[in-house]
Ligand code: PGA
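What follows is one chain in structure tokens, specifically the form predicted alone.
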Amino acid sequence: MVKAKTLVVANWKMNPETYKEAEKIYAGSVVALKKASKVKVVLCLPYTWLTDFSHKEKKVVSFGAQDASIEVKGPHTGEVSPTMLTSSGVEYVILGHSERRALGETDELVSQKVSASLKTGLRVILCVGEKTRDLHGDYLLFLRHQIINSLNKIPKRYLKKLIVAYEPVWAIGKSDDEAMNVRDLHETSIFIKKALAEIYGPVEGMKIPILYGGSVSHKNAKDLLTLGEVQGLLVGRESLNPKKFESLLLSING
């Protein structure tokens, strides 16, 4: 049996400022990935660059969007539908990111987006994560509710295209030594698996891949994966620096 590649999702967010810079970062990312045969990379670019790059070289990299509408088409100014993404060569979409939730997205809306995107064939990266981590474990209750509500009425038949990215808000944008402790990550990943098993049963629920995001760097990536026992990483600022991104990929390539 061939071992699955480690999944690394690069979320560029609203970066860079110019197309020329985007080309440079993209080219550097492709060069880096060609040296890491055991890693699968998904580049999640801003819409302005996404469809252009998604029609370029696809042999070594996949593409993802940072959000998608619940609508297929119609009078929805500024929105981008899941069908538009799939028809443009986009395979993945990040939904429920903490920055979107901070703008007012509810679990109900996230659930609708997840459903709409899965139905069109997109692979959904559902983001979940607590804002703070208390000593009494109340954050676990919050996390459980967020997972259950964000997957409300999502049938089992779509689970093969579902990925859950655990990104604790308190760990985002910090230095790599302030990322989540690997022991705590291991415990939390087990908790997330149990919550998914609660929804879909122990067999199907345990198969859903878990990613970690939150101050991931080339210095801590390998430990987060191996000791945290997650199946991949959601990388932010490190993915915008081709040299550091290459170091990160090589560190987990083995």
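Note that the structure is predicted; figures quoted are calculated from it, not measured. Residue positions are given as counts along the sequence shown, with the first one as 1.
Beyond the structure shown, there is the form predicted together with the named molecule, which is absent from this document and is the topic of what follows.
- Taking a 4.5 Å heavy atom cutoff to the named molecule in the model of the complex, the contact residue among L162, V110, I147, A171 is A171.
- Remark: of stretches 32 to 40, 47 to 55, 215 to 223, 202 to 210, the one touching the named molecule in the model of the complex is 215 to 223 (heavy atom within 4.5 Å).
- Taking the partner from the other structure, the named molecule in the model of the complex has no heavy atom within 4.5 Å of any heavy atom of V230.
- The closest heavy atom approach of E130 to the named molecule in the model of the complex falls outside 4.5 Å.
- Interface residue remark: R237 is counted as part of the site for the named molecule in the model of the complex, having a heavy atom within 4.5 Å.
- Among residues of the shown chain, E79 is not one whose heavy atoms approach the named molecule to within 4.5 Å in the model of the complex.
- Within 4.5 angstroms of the named molecule in the model of the complex, the stretch 90 to 114 places a non-hydrogen atom from each of H97, E99, taken in sequence order.
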